[in-house]
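Only one chain is shown below, in structure tokens, and it's the form predicted on its own.
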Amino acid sequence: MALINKLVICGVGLIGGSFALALKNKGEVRHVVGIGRTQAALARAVKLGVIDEAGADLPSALAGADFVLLSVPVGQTDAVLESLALHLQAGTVVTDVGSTKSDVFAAVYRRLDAHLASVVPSHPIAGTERSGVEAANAALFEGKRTVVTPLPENDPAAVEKVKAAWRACGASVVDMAPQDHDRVFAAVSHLPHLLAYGLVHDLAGRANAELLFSHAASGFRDFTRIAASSPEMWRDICMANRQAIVSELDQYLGELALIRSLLLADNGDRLELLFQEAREARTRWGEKTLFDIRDI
């Protein structure tokens, strides 16, 4: 018996499409309906086999749905929840994939106060710099983590259904409070994206940009890969989590100031020690991630 009978995906792009494909491949969903900004994009998703049906309107799409996935830029969450509230049936489980969670909590309490038992925020720690339904990949979540940030009012059965869906996609699941989530990902996700965007933007604006990019190799490519991500999505993430991100920027600016002072002081020994400490920390993290996700 499939975990989900009727799945409605609001936003059939990389994440939403990958969620649908993963569940389809595991036989854990019977019917997938997509809702999006354009019928052309939904038609493409149907043609690719990502969804089974393009929702003509919200009332018909949500009728009989037992699971709804919100896969939209976090800046659109409030408006989408407001629309859903008019047609969402009692007991339908709702989750999201937003990279920020405090703002999602606020939107849920504001728009879906009658459905708090069944709205379970989540965030899959997976993705690529590509976007759109063409980038959807059934294996995207394999071996990755998904953070679930349950509401105090959640029905345990709804929480378990959301966790079971992510596990069916191949992900391991961890619980986290929304404020902790936003602080953690400001440091390890949002800040790196800002750094990548900032470096590329800086170099692209220089008079010798063509010369610089023509000599950029694998190190530059690896460091800046994420600067090819969706600007709309990352604008919304940064604005939603701006306070935590500013704190992380301040911390990082302090680190850059230290490195700058070591260069000015011609202190190669201390610079090497800093590099060595960073290398060891990176190596420990790289080795640890090979095992941690499998053990959860």
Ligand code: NAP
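Note that this is a predicted model, so its numbers are computed, not measured. Start at 1 with the first residue shown and count on from there.
Keep in mind the form predicted in complex with the ligand is missing from the figure; the text below concerns it.
Asks: According to a 4.5 angstroms non-hydrogen atom cut-off, is residue 192 in contact with the ligand in the predicted bound form?
Replies: Contact with the ligand, no.
Asks: Quick one: is residue 76 in contact with the ligand in the predicted bound form, heavy atoms, 4.5 Å cut-off?
Replies: Residue 76: yes, in contact with the ligand in the predicted bound form.
Asks: Taking the ligand as it sits in the predicted bound form, is residue 35 near enough to touch it, meaning that at least one heavy atom pair lies within 4.5 angstroms?
Replies: Yes.
Asks: With the partner left out here, check for me: in the predicted bound form, does some heavy atom of residue 121 sit within 4.5 Å of the ligand?
Replies: Close contact is absent here: in the predicted bound form, residue 121 is far from the ligand, nothing within 4.5 Å, heavy atoms only.
Asks: Of 146 to 154, 195 to 203, 95 to 103, 209 to 217, which is the one stretch near the ligand in the predicted bound form, taking non-hydrogen atoms within 4.5 angstroms as near?
Replies: Among the candidates, contact is made by 95 to 103.
Asks: Check 8, 51 and 62: does every one of them have a heavy atom within 4.5 Å of the ligand in the predicted bound form?
Replies: No residue of the spot touches the ligand in the predicted bound form.
Asks: If the cut-off is 4.5 angstroms on heavy atoms, which of these, 162, 72, 171, 107, is the one near the ligand in the predicted bound form?
Replies: Contact check passes for 72.
Asks: Please pick, from 117, 88, 80, 138, the one residue with any non-hydrogen atom lying within 4.5 angstroms of the ligand in the predicted bound form.
Replies: Result of the distance check: 80.
Asks: Sequence order please: the residues of 15 to 34 with a heavy atom within 4.5 Å of the ligand in the predicted bound form.
Replies: Result: 15, 16.
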